[in-house]
Each structure stands twice: as structure tokens, then as C-alpha cells.
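First, one chain by itself in C-alpha cells, the form predicted alone.
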């Protein structure tokens, strides 16, 4: 089933689009599913900037709230823009036909984007948008040339211009108009968003972390009991 889902998501990206991707090196990113604050900030960014076009059709609002420690009241008031019920899937209301008319292709579901790609690719992609007067929507991305997606986060990052690449292949940008965030704040925000997308790809990993902690504590306790039991069994032998 998982392989089928991955194939379907890959099929949503046209071969011509894949061919247009650049071969730039990727920026490192640290993701930590144990950082609930980061996941909560990433979830807020996702529902406010991504969910209007991209769905996360394998995640439910109430499941996300339970996993990330977000109250149902907070979800109802600040996150459920495209659904009425807490148990609804995180889908979009944009018709696929309209999306193809506006963007040339339907925006893919992002549930497994960090598994189809890599977290480093997603993080780099989110940081490398730049102004391009020749693009139909005014934006381009050095990691994914001629991408159909406009820079929906430009108000946060600002407007930057591509000036070239360094000797290692990394793109160089020049800021033309600052955003509401500093470059450091924007990078941290994109790390939070990437962290949340990693969570979306495998929500059960959080449960495994909890179970793993309980198992390790159990084994530690069992080790102590086993040690004293061994001493009790061997006491007569040692002192005989």
C-alpha cells in the first residue's frame, strides 16, 4: 500500500517538470520529531500558507492535534479553514480542473513529500525562490527551474534576486526587498515547516518513540532486578 501511494505521488509530477530540476547541492536541515514547539509552528505555517493549494489527505485535524499537543479549540479557530469537522481529512477545496488552468498542473499532495524527496530537498526548495520577471507568475526557484508554484512565502522571506552560484554550486542571492522575517528567522521557520512535513510522512513514528522509551525503561528495571536475582542465586556458591 505504501509503495502504491509513493507511485501515485511521483506520477503527479510530470516528467518534463522533473527534467527541469537543477542539480544544486542541498542545504542541511535538522529535524526533530520530539520538538513539539517546532512541530506546532510548522503546522501553523502549513495550514496558513500551504493547505490552500496542497492537501495532506492522509492526515486528520484531530489526529494532528493529539499528536502535536494542539488543543481542539485552537484547531477549530486557527487551522480548520477548509473543513467543518475535527475528524475531517486535511484536503483542499480547490477543484483540480481549476488548479490545472491556473498553474498548469495540479498541486501535489504533501503527505509523503519528505519521503519521496528528502527533508534537505524540501528545506532547500523553500529557501531558494527568487524574483523572475520572465516567469508567468513572477517567481522562479533555482532548485526547480520554471516551477509552476509561486512564492507564497515571499512576505516572510522578502524578494530576492539570483546573482549566480559559488564554486561549490550553491546559489547566491541578493535581497531586493526585505520580508517580515530576518534571514535567520525565515530559515528557522522553514526548518519548522520541514519538520512538520517529516511528521506528516510518518505520524506513527511519534508513537514508536513513546513505546521505545517505555521499553527502554522496562529493560533498565529488568536489568536491575536480574542483577540482584543473580546475586541471590550465586550467594551460596560465592560464600561456600
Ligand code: HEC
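What you are looking at is a predicted structure, and each value in this text was computed from that prediction instead of being measured. Residue numbers count along the first chain shown, from 1.
Although it is not shown, the form predicted in complex with heme C (HEC) is what the next lines describe.
- Although the partner is absent from the chain shown here, none of 37, 64 and 203 has a heavy atom within 4.5 Å of heme C (HEC) in the model of the complex.
- Scanning 148, 159, 79, 143 against heme C (HEC) in the model of the complex with a 4.5 Å heavy atom cut-off leaves one residue, 148.
- Only one of the listed residues (52, 213, 180, 176) places a non-hydrogen atom within 4.5 angstroms of heme C (HEC) in the model of the complex, and that residue is 52.
- The shortest heavy atom separation between residue 90 and heme C (HEC) in the model of the complex exceeds 4.5 Å.
- Residue 193 belongs to the set of residues with a heavy atom inside 4.5 Å of heme C (HEC) in the model of the complex.
- In the model of the complex, heme C (HEC) sits within 4.5 Å of a heavy atom belonging to residue 117.
- None of the heavy atoms of residue 75 is located within 4.5 Å of heme C (HEC) in the model of the complex.
- Comparing 53 to 61, 25 to 33, 66 to 74, 167 to 175 against heme C (HEC) in the model of the complex, the single stretch with non-hydrogen atoms within 4.5 angstroms of it is 53 to 61.
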